[in-house]
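Quick setup: one chain, the form predicted on its own, written in structure tokens, and binding and motion questions come after.
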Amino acid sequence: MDLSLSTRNVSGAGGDRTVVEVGGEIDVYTAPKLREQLVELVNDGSYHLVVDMEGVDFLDSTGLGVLVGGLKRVRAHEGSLRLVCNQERILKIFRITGLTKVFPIHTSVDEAVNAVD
């Protein structure tokens, strides 16, 4: 399975956000593509990101590492990285690893975009 990525800019109550819509599998083979996208966005001045993971079928430790790295990058610019996910099998990974305490996880893009930092 491959990884699909698309981005769009959205304004909400929380301010301007860049939404990264991710689909497919985030694993050792595809995670570098997501990493490159996040790095490029931060380098271009997008410091408030929403990663929409509703289309993600699989997430491994490499993918988690990419998300944590993205969070560190945006925080270095006083930004934020919010996740959108309501798939139990993916949420379970965040709970088991304790990352639910690190990432704000929302059930919809609208909820994430309108959350105030």
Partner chain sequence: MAIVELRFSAQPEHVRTARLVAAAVARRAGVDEAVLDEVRLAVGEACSRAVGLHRSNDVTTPIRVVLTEEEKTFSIEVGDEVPGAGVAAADAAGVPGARAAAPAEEFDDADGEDEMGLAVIRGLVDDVEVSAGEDGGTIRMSWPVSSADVLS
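Bear in mind the structure is a predicted one, so any value in this text is a computation, not a measurement. Positions refer to the first chain, counted from 1.
What comes next is about the form predicted in complex with its partner chain, which is not displayed.
Each of G65, V68 and G98 is positioned with at least one heavy atom within 4.5 Å of its partner chain in the predicted complex.
None of the heavy atoms of H77 is located within 4.5 Å of its partner chain in the predicted complex.
Using a 4.5 angstroms threshold between heavy atoms, V42 stays clear of its partner chain in the predicted complex. In the predicted complex, no heavy atom of M53 sits within 4.5 Å of its partner chain. Contact annotation: C85 falls outside 4.5 Å of its partner chain in the predicted complex, judged by heavy atom distances. For the partner-free chain shown, E25, D27, V28, Y29, R35 of 16-40 come within 4.5 angstroms of its partner chain in the predicted complex, judged by any non-hydrogen atom.
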